[in-house]
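Heads up, the chain below is alone and in the form predicted on its own; it's given as structure tokens.
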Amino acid sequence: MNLPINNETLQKILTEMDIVHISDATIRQCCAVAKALEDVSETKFSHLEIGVPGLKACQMGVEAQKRALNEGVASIYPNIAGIPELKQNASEFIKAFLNQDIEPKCIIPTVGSMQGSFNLILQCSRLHKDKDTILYINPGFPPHMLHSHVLGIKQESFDIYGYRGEKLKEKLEEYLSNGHISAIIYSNPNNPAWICLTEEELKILGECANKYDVIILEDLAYMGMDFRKDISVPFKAPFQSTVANYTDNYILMMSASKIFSYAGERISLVAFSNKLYKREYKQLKELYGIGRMGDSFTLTFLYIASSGTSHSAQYAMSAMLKAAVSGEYNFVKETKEYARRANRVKELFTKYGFNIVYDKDGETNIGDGFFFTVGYKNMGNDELLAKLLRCGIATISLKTTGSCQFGVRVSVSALSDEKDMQTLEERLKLFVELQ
């Protein structure tokens, strides 16, 4: 093990990649830095920086997609709005695990939630002349914020760290009362912090959405992975927590990438509330010729983005949703492996003096799942990230997630066995010695 890597080597690589501050580096840049350091040190890193699925893809999806390909769908353009059986199975899935009644026509497949959020942010910024800004509840998934930046859409944000519970209402009112916010976006469970909004907080969001006519974009990429409650039994409480219980001004995003470990085929669902899908917007009609929210999203925004979602992948997701609803496939049980890994990795970090940064939902400790966040004493983001890299640990800075706290995000998906855990512990020990 050729560790620790000297600081001069790290700085040379950062300069070559035109990275001034490592804490500003994107996820992909951090991956590239780690790869370059692996090459020069001839040492495989502990990769905690990127949230790739660490489980096998749902075989039912694989088989369904193969059948679809064998039956010739590869030569046929898919319906942009989605194949009928996928829309029907998605509607039943949402009823089974969220206890929400959403009509099949209000559910549209997209090329991953990344395409869904990109187009939703663009569409929401075009609904009203006086509402031109997206509000981000941070920390959040960095590409969500990049969407607005690339599209030239105004954005505002706040770190939820000091605004949990009733304080969230005061903070939201501070922004919404100005009348310029068109939509609010967040992930739940949260990427990167793994906090989960409480029912009180979701109710506050829903009430604010109703009061100020703002749309809530709720990213459920890690649906069912708040393992503190088991939502795995279809049509039986408890159900996935969602803002949909408190407002009709919502759009849900549900990805196959983590729920079914089906990331490679890039497919997800965008689900509008029945009321919002049918809502007419004068400005959409004036700008694009289609005023109805759902039809405009599908026939204007998605049409020019990709002309639809992979035909065969739609059959895969349809089969997985159907199997989950019937009880044939327990997606919550499958993904619970992440909780085991997170529990073990948290123990290692805290053993060597790290603290969990976002550690509570109300009075309750956050659950164990795909991500969590750690800080080290009062060490700043640049220094912490750089020293972890020198010790063979790749992560991303909380700064890039919109957080105002010092620390890094830890993804447990790539730590699959005890050997990975032992290697991580050796490097954390080395990190402490480096101080």
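One rule holds for the numbers: they count along the sequence shown, beginning at 1. In this text, all values refer to a predicted model and were calculated from it rather than measured experimentally.
Absent from the display: the form predicted together with a further copy of the same chain. The rest refers to it.
Engineer: Every residue in A57, K258 and E265 with a non-hydrogen atom within 4.5 Å of a further copy of the same chain in the predicted bound form?
Structural biologist: Per the other structure, all of A57, K258 and E265 touch a further copy of the same chain.
Engineer: Heavy atoms within 4.5 Å of a further copy of the same chain in the predicted bound form: which of the stretches 209-217, 225-233, 166-174, 110-118 has them?
Structural biologist: Only one stretch qualifies here: 110-118.
Engineer: Which pick from R341, H147, K87, K131 sits with a heavy atom within 4.5 Å of a further copy of the same chain in the predicted bound form?
Structural biologist: It is H147.
Engineer: Counting only non-hydrogen atoms and a 4.5 angstroms cut-off, does H311 reach a further copy of the same chain in the predicted bound form?
Structural biologist: H311 belongs to the contact set for a further copy of the same chain.
Engineer: Please check if Y288 has a heavy atom lying within 4.5 Å of any heavy atom of a further copy of the same chain in the predicted bound form.
Structural biologist: Yes, Y288 is a contact residue.
Engineer: Looking at the partner-bound form in the predicted bound form, is I356 within 4.5 Å of a further copy of the same chain by any heavy atom?
Structural biologist: No.
Engineer: So, in the predicted bound form, is L122 in contact with a further copy of the same chain at a 4.5 angstroms heavy atom limit?
Structural biologist: Output for L122 is yes: heavy atoms within 4.5 Å of a further copy of the same chain.
Engineer: Taking a further copy of the same chain as it sits in the predicted bound form, which residues of 66-98 have a non-hydrogen atom within 4.5 Å of it? Please list them.
Structural biologist: Those in contact are K66, L69, N70, V73, A74, S75, I76, Y77, P78, I80.
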